[in-house]
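Shown next as structure tokens: one chain only, the form predicted on its own.
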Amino acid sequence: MDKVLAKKDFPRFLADLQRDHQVLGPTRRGGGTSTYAKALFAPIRHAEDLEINYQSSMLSPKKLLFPDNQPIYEYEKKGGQVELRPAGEQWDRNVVLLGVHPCDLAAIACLDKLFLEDRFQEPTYQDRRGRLTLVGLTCAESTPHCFCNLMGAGPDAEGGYDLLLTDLGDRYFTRCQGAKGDKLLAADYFQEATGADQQARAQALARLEAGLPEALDIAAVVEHMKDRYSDELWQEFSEVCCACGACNMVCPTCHCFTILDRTNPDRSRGKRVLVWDPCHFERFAQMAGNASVRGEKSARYKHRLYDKLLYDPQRHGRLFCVGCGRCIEFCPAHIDLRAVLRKLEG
């Protein structure tokens, strides 16, 4: 079902969402204060809080669904006994994530595969995902780092949303999926989309597509990876890698973690927490006796790519790179994943 929302009616739409949900969206009001700071996903109280035309965020909505430093349980020693108490932080309201770009919608679909459909479900993710309504937003313009088109994750979104907005100047073209989307579109300020609206949306996406990288045969890349595990190109790129883990931390689909115990000085009470842990860190692959299955930096560098493009797709049936470009933008060594992919394509 396709409809149109006039921008003058957007505050009414936001107010209706806020009546039954907490609304989270891209804003600079939640922490970013400098003129060059990235928008972040934080609570939206007023329409003017939204930075709806944001290009990208440093951290994706993953941090809301699968948070870093996530408490699992608390413990306290009492006499000779240890008392355990659940410490998971559950949402007490339904939540709307507003303004999620197609690449991040695709990333959430990847996390769904991991945490909802795999053999083991992650309870915090499961609870939050069940309370979530996703209102996506196609990008108005691409960044120099974007390559969502190469990964089939943009610039349009084929699914993974309840509502999807496209900016047409004075109005938003609005597409829905499922019962949640149908319910939201029942409001009287949504008007039927015309043929002209459909054409305007197609033109907007075509302009966006023109600014994205030239096509790449990702199927050929994956096939060549199977035969080039020991190729010199891994050494070429990993030589400049800082192994800082920045790419892991900003990636919307990275999901590796470790478990830590944090205690008070006398260790009479504490908390067990789940912490994001990058596979680029040498200690991530360390085992008992200080043995490491990936002691060389080049091994850790290439493992991340193999995980995104080969291992996870084999397990879950979809690419785990969505082309958001965060790993390129925030790499202190300026490693461009697209250059790696081009070399693997040939």
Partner chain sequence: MDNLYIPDLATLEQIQEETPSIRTLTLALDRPRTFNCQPGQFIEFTVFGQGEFPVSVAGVSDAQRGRFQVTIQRAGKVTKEVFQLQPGAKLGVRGPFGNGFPLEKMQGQDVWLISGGVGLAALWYLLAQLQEQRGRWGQLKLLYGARSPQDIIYQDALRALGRDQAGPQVLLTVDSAANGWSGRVGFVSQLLPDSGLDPGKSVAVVCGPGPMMKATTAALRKLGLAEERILLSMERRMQCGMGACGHCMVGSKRVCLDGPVFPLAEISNLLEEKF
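Positions refer to the first chain, counted from 1. Keep in mind that what you see is a predicted model, and the values were worked out from it rather than measured.
Same protein, other form: the form predicted in complex with its partner chain, not shown, and the subject of what follows.
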| item | value |
| --- | --- |
| Check all three, Cys139, Arg207 and Ala210, heavy atom within 4.5 Å of its partner chain in the model of the complex | no |
| Heavy atom within 4.5 Å of its partner chain in the model of the complex - the one residue of Lys183, Arg228, Arg267, Arg131 that qualifies | Arg267 |
| One residue of Asp261, Glu223, Asp217, Glu236 in contact with its partner chain, assessed in the model of the complex (non-hydrogen atom, 4.5 angstroms) | Asp261 |
| Interface membership of Asn53, its partner chain in the model of the complex, 4.5 Å heavy atom rule | no |
| 4.5 angstroms heavy atom contact with its partner chain in the model of the complex for Pro123 | yes |
| Heavy atom of Gly152 within 4.5 Å of its partner chain in the model of the complex | no |
| Distance check, Gly178 to its partner chain in the model of the complex, heavy atom within 4.5 Å | no |
| Contact stretch among 77-85, 98-106, 191-199, 168-176 - heavy atom within 4.5 Å of its partner chain in the model of the complex | 77-85 |
| Interface residues of 193-225 toward its partner chain, as seen in the model of the complex [heavy atoms, 4.5 Å] | none |
